[in-house]
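In the block that follows, a single chain appears as structure tokens, in the form predicted on its own.
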């Protein structure tokens, strides 16, 4: 992996964390339309997938994959516009704040985080392949959603049709407040791959550089030998299901163990150890990212909300 990719991963994760920290503050100030669901502690997988993907690839992120949006080119200002319900945001201030995407970036707007999007990205990849495009799909899913029928049907279909698809299962140990022990009986979620006759890969979900180095050759091989693979990344969400949830049901010792391997800390330490950045350079990068996020938020505050006169736009045919 080249130096530029390593620094890209850190920048994406720093930007993601800075935006979500600001969204949390705005939520508690009552300035956000809707809830706030963060990916604190889970930034690595979205950043890694963005780093290894190609222009014609397609993505189905979930509610904790803001790093995927940023890695694929979403601007901090557009993201603040979305949560602040601004007219120039991705959904024009008209939809739930996590239900956004950008097809110019290959990113589908999330319909549901419970497995329904796997079929969507599979179909999109099949269509592009029929058109002669080099396209691979990436569908994100949580540990709890692997228990749903949509997940089973979609993965089974993709496996049978040999869709070049990477299903990324972010195992953060809790489906809202339900622990894994009450969700499934297999030892590891990656073990489910065998039931579909596909390859399963288990990786550290808090090491963005390690994820990128491990997954890049797999994706390259999918382009040459189309098939579906299931990747389980072990991680932990470091806040509640949403900002309305105090996540008191999570053992503090479990949180402490994963906090010690915060993906941003892991990435910083690797870059410093490899000499790809020095402490002053790291400090400058973090300051640059924070300034960009501050300016994006202030710009989004100045952007207008949607006009009531456009209330029916897009609701009825011809409107």
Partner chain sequence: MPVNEITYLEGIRQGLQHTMQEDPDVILFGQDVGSFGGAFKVTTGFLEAFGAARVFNTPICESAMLGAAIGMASQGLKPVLEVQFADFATTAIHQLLNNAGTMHYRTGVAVPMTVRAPCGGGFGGGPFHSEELEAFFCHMPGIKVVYPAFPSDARSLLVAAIHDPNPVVFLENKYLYRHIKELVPEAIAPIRIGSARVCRSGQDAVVLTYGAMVHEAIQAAEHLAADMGYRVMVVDMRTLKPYDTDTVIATVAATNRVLIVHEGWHTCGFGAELAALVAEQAFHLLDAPVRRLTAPDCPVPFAPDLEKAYRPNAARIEEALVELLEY
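What you see is a predicted model; the values in this text were computed from it and never measured. Positions refer to the first chain, counted from 1.
What follows is about the form predicted in complex with the partner chain, which we do not show.
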>> Going by heavy atom distances of 4.5 angstroms or less, which of 202, 238, 110, 219 would be at the interface with the partner chain in the model of the complex?
In response: 110
>> If we define contact as a non-hydrogen atom of the residue within 4.5 angstroms of the partner, is residue 95 a contact of the partner chain in the model of the complex?
In response: yes
>> Within 4.5 Å, heavy atoms only: does residue 214 come near the partner chain in the model of the complex?
In response: no
>> Is residue 75 part of the interface with the partner chain in the model of the complex - any heavy atom within 4.5 Å?
In response: no
> Are any of the heavy atoms in residue 117 no more than 4.5 Å from a heavy atom of the partner chain in the model of the complex?
Replying inline: yes
>> Within 4.5 angstroms, counting heavy atoms, which one of the listed stretches 164-172, 67-75, 80-88, 204-212 is next to the partner chain in the model of the complex?
In response: 80-88
>> Within 4.5 Å of the partner chain in the model of the complex - does that hold for a heavy atom of every one of 58, 176 and 312?
In response: yes
> in the model of the complex, which residues of 116-134 put a heavy atom within 4.5 Å of the partner chain?
Replying inline: 116, 117, 119, 120, 123, 124, 126, 127, 128, 130, 131
